[in-house]
Ligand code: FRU
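As a starting point, one isolated chain is supplied in structure tokens, in the form predicted on its own.
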Amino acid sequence: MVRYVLVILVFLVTACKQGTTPAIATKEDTPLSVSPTYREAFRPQFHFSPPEKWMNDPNGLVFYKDTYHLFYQYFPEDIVWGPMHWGHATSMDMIHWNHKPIALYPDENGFIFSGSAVVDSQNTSGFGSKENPPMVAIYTYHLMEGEKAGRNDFQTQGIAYSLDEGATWEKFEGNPIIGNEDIKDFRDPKVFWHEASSSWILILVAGDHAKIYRSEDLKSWSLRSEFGKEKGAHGGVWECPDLFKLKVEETGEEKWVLLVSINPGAPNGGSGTQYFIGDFDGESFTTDQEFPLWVEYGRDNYAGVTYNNAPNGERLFIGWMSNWNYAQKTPTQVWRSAMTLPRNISLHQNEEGYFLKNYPIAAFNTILEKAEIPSSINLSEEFSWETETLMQTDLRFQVDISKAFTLYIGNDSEKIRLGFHPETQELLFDRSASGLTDFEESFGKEVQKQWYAPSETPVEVRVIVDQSSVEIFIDKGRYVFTNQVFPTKPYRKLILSGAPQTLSQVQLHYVKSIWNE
């Protein structure tokens, strides 16, 4: 009860401040202060997390002038959700991050919810020039007064622009650019330039489906189509759509991919991200896909979107490493929430159809230091290996997944477990004994399940452990589990067991801190 009273007080205090809060960050603003050590309990050492306070969805992912920009949902006054701002960080490699001043503050139109950013290189908006094109942010306004009054039209879409590469922002005087026709959940615009139609495309979500708009100038938009009322999972509200084109790795065919997060309604409980493979003609997205596919089956990868303008045609993805079932209850103190490792998304096809893989970007390898471990392991008997800590490690090996296999990582009393069960064609991930789990009933209660296709050809298993997370990539990211964990003591023991076979190409690397190098 006390927690909810405090949240209400925070809302009231912030609402009182809105009249004096600046609408833009100024050049005189100083960057967010970094924690003196970045070594608090459970603090990630190579995942992005804010210096302090609450963070959720990644926003405005855009690459411009050799710099990756990461904006994110941010509340600078508490470690629980509150009036949303856009936090900001930049990177040259998507591994090492520099904290920047808050980019966007709430204003008279509402809080600043999720959205995207583009570089208007032809200055179609008129906000800049062709010599100095504007960076334009497109986001959802959430008017809390409207929500409290019981209205359904309290979410609208707005834009802001920057002429100094994202350092400062000016909001468009004509906001909102897309009004609301009495739709309760109407948000999270993703915008991109569509070359074939020479126009800007905006996709947002409206309750349980998506709406697609077009514009020539980023300011005036026309609704062209809808998608999803009879497709995909509908166990909760749709959020954070993303639409992009990819080539099928095996054939070179081009298809369009639509990501849609949903909360609740994910296969293993709470928040998750489904995807659709289909076609887009500049007006509408269509697919023959009959069932939803999922970016992964872990419980802590949500609201993920991809970068606009990424170099070399790569499709680079970052997700919020949490789940709304317990996001505000995790046992951190100074800050709350981190992002997933940045990942490459690739499109593939087999006899069963199209599917995505997502896998850590190559730049992650630059912060690895090799550890000594046998390069091959015979599983005629259980293999056990121990070191001082496994809390910043990257383990890889090749395994025959047509045979039963189990991996444990833990300490004397706590552990995580990954199991291959070819007789049922299930992957099982268990964090019930991973450490602190009692802050929310479902956090460690149920074993996470994912179907897989057993193959006699060995596939890579990669397990990346940070101070409070485990990311597991199987078959180069065809099967993925991302999960938070909160051990009370460092994991230091690795145990491998199962049907007799030899694991090959075994590698273990320690991962350097990006904050305390």
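The shown structure was predicted, so the numbers you read here are calculated from the model rather than taken from an experiment. For every residue, the number given is its place in the sequence shown, counted from 1.
Omitted here: the form predicted in complex with the ligand. The next part is about that form.
Visitor: Ok, 221, 193, 408, 113: which has a heavy atom sitting within 4.5 Å of the ligand in the predicted complex?
Guide: For this set of options, the contacting one is 113.
Visitor: Identify, from the list 297, 326, 105, 81, the residue with a heavy atom within 4.5 Å of the ligand in the predicted complex.
Guide: Going through each option in turn, the one that passes is 81.
Visitor: Using a 4.5 Å heavy atom cut-off, which stretch among 466 to 474, 50 to 58, 450 to 458, 486 to 494 contacts the ligand in the predicted complex?
Guide: Flagged stretch: 50 to 58.
Visitor: Classify residue 394 as contacting or not contacting the ligand in the predicted complex by the rule of any non-hydrogen atom within 4.5 angstroms, answering yes or no.
Guide: Close contact is absent here: in the predicted complex, residue 394 is far from the ligand, nothing within 4.5 Å, heavy atoms only.
Visitor: Find out whether any non-hydrogen atom of residue 227 is located within 4.5 angstroms of the ligand in the predicted complex, and reply yes or no.
Guide: Heavy-atom contact with the ligand at 4.5 Å: absent for residue 227.
Visitor: Looking in the predicted complex, any heavy atom of residue 258 within 4.5 Å of the ligand?
Guide: Although the ligand is absent here, residue 258 would stay clear of it in the predicted complex, with no heavy atoms inside 4.5 Å.
Visitor: Residue-level contact is defined here as any heavy atom of the residue lying within 4.5 Å of the ligand in the predicted complex; does residue 208 satisfy this criterion?
Guide: No - in the predicted complex, heavy atoms of residue 208 and the ligand never come within 4.5 Å of each other.
Visitor: Would you give me the residues of 167 to 196 that have any heavy atom within 4.5 Å of the ligand in the predicted complex, in order from first to last?
Guide: Those in contact are 187, 188.
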